[in-house]
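Here you get one chain, nothing else, as structure tokens; it is the form predicted on its own.
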């Protein structure tokens, strides 16, 4: 598909998201620019925002890690296939963990101000008149998670590379809202925030024909079937011509900090640096070391502090 010219192209910078109208029969490609960046994703029926992607239904049908050949399903009572994953070059996604939020970073980490997926989604969706209450549980792309035999959910490091991408074919007109995940203090995106490339293409007849058909059942109810169909909201999603993005915590700024180490400290750092994962990225290595210490000291303690489980690999 790379030789086709996109209808739309956008680079999402860290701290931002983008609301996109993707029409039935179009492909939304979400691509790694540098690699190892999680993307949170919301999706709404463009003509009835009360129909939205439902992680619970998607998880029930396709498991914790949906990938190529699976669907994104809408919430009950609609329960329709909204988008189809036609390609997934990395193959690790998540529908188990919730989006990160301002509360998470303040309660668990003590940050009074921190970029987070809920606020980013809220701002991106505001272009179409949606509120923070309309943000739903996200499809977490390129996010590596596991569930242990004991039932604990864990986040592990990811190894997606530049050019890895996910192609989503719209099966109805949708408002698709990806955002650059704001989690830079955990392993979700390997302790970093990096840009993501977005493109929209027209699907070919062959690509549409290759999508397995899903049944149409009486149990898939829409407002015409409701006893009370008077929902107190405007159904059509249209952009606000006066909309100006006001993403919180942006533009993000980086401040280099020099740390002088003696020979023993350098040796100790190298022993813990996990060069096979981070290469020469000393900053990410150091964040991982500090996170591991903090995790063992506080998160996994019996002190009652908020617990975030993360498994080393």
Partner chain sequence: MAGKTLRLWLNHQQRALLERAVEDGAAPSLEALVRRAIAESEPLPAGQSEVK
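In this text, the rigid core denotes the largest set of C-alpha atoms whose superposition between the two forms falls within 1.5 Å. The structure displayed is predicted, hence computed values, not measured ones. Numbering follows the first chain given and starts at 1.
There is also a form predicted in complex with its partner chain; it is not shown, and the following applies to it.
Contact with its partner chain in the predicted complex holds for none of 202, 209 and 213, as no heavy atom of theirs lies within 4.5 Å. This chain appears without its partner; in the predicted complex, the one residue of 47, 268, 50, 68 with a heavy atom within 4.5 Å of its partner chain is 268. Between 268-276, 54-62, 38-46, 23-31, the stretch whose residues reach within 4.5 angstroms of its partner chain in the predicted complex through a non-hydrogen atom is 268-276. Although the partner is absent here, residue 253 sits close enough that one of its heavy atoms falls within 4.5 Å of its partner chain in the predicted complex. Of the heavy atoms in residue 291, some are within 4.5 Å of its partner chain in the predicted complex.
With a 4.5 Å cutoff on heavy atoms, residue 261 counts as touching its partner chain in the predicted complex. Proximity of residue 244 to its partner chain in the predicted complex: non-hydrogen atoms within 4.5 Å are absent; the residue sits far from the partner. Superposed on the core, the two forms differ at residue 287: its CA moves 2 Å or more between this form and the one not shown. The rigid-core alignment places the CA of residue 248 2 Å or more apart between this form and the one not shown. If you fit the rigid core between this form and the one not shown, you'll see the Cα of residue 33 move by less than 2 angstroms.
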